[in-house]
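Just the one chain here, the form predicted alone, laid out as structure tokens.
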């Protein structure tokens, strides 16, 4: 293998790879990136055996070939090469070394044979469709904060991507929950996605898919029962999905919460941020005391310290007291794009429905706390 490629082109091809490769792995080949040169193109592939990213870059290929080198070392070298420099690569010592030249800098990297490199990029069957990148980003951004961090329940650590029918319309929906809060986002089902299988996207897949959505205006997505693949420009992301059934989330979304409160989002978030300073370090609980037109927030801790603040709100139902985790409230506020937030209560112990008046395609649920 012998080729030359611009530093900028190589850097773009490698920047997605470094996030995929596990820094500590017992399988040496999974710490490497595969480099395949042919037909004046350099194909780069990285995988952790659950997720793979493949890129294709223009290059001047004098001799076709394939090898693998440590992904982190290669990316770090390329990132520190000045812009505008051409990078030359050539296999040496019978293929056991990859020589890299950039200006007056010389590097020699150890290689591993590409024959042991796993190929994850093939997707058998599945349903393919195009989706605007902005829509994919919204579907992921609006819900991923609510996913669980508890690896013992792996199915809750991901984002549930599926189709539903509501009011006679087919929708593409994402849902995430950790058992304490839930987030749901909808959009009109893209053409061709109607028969897509329901899948749970792993956390790492969601992160990389979100990055990929910044690469092009449209993503070409293929979903099978075992994998999801997304293509943007010259980058292809392929990921296994979580092999599990997602819980029936619809039954925990309140249907009869009639006590509605409308509150300015910014004012509420600032008040929660201030009051929670003196909340219990473990629970981070903040109490809401609701009366007609009035919300009182309060918090205290074992050191007998306390804080309180009052806000004017649009509320005309019976008085109500309910507690919340302050961090959960802050997370919700970060997902509401409008000036106001709408809370819908049933009583002090039931799940609370939260809506963004400026976006009826998103729904949030948060469990109250005993305070």
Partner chain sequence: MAIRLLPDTLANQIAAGEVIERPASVVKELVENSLDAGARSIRVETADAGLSKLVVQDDGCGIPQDELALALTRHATSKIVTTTDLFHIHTFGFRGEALPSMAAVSRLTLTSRADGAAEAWQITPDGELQPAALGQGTRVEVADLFYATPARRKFLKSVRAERMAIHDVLHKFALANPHINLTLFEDGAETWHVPAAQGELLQAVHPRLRELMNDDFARQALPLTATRGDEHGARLEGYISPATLHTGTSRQQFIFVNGRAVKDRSLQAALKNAYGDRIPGGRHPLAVLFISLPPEEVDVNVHPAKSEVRFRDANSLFGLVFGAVREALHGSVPTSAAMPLADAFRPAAMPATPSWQAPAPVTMDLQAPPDKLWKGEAPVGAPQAPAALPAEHHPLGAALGQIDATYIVAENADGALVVVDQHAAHERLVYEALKAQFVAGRIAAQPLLLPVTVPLKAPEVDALLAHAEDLARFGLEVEQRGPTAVVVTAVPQLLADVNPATLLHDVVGDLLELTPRTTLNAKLEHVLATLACHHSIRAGRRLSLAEMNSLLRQMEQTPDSLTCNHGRPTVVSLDKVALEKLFARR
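Residue numbers count along the first chain shown, from 1. Computed from a prediction, not measured in an experiment: that's the story for all the values here.
One more form of this protein, predicted in complex with the partner chain, exists but is not displayed; see below.
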| query | finding |
| --- | --- |
| Residue among 97, 137, 73, 153 with a heavy atom within 4.5 Å of the partner chain in the predicted bound form | 153 |
| Listed residue (180, 266, 204, 210) with a non-hydrogen atom within 4.5 angstroms of the partner chain in the predicted bound form | 180 |
| Contact label in the predicted bound form: residue 5 to the partner chain, heavy atom within 4.5 Å | no |
| The partner chain contact at residue 44 in the predicted bound form, heavy atom, 4.5 Å | no |
| Residue 327 within 4.5 Å of the partner chain in the predicted bound form, heavy atoms | yes |
| Contact flag, residue 104 vs the partner chain in the predicted bound form, heavy atom cut 4.5 Å | no |
| Candidate stretches 119-127, 186-194, 84-92, 171-179, one within 4.5 Å of the partner chain in the predicted bound form by heavy atom | 171-179 |
| Contact test, all of 247, 283 and 365, partner the partner chain in the predicted bound form, heavy atom 4.5 Å | yes |
| Members of 335-360 lying within 4.5 angstroms of the partner chain, judged by heavy atom, in the predicted bound form | 351 |
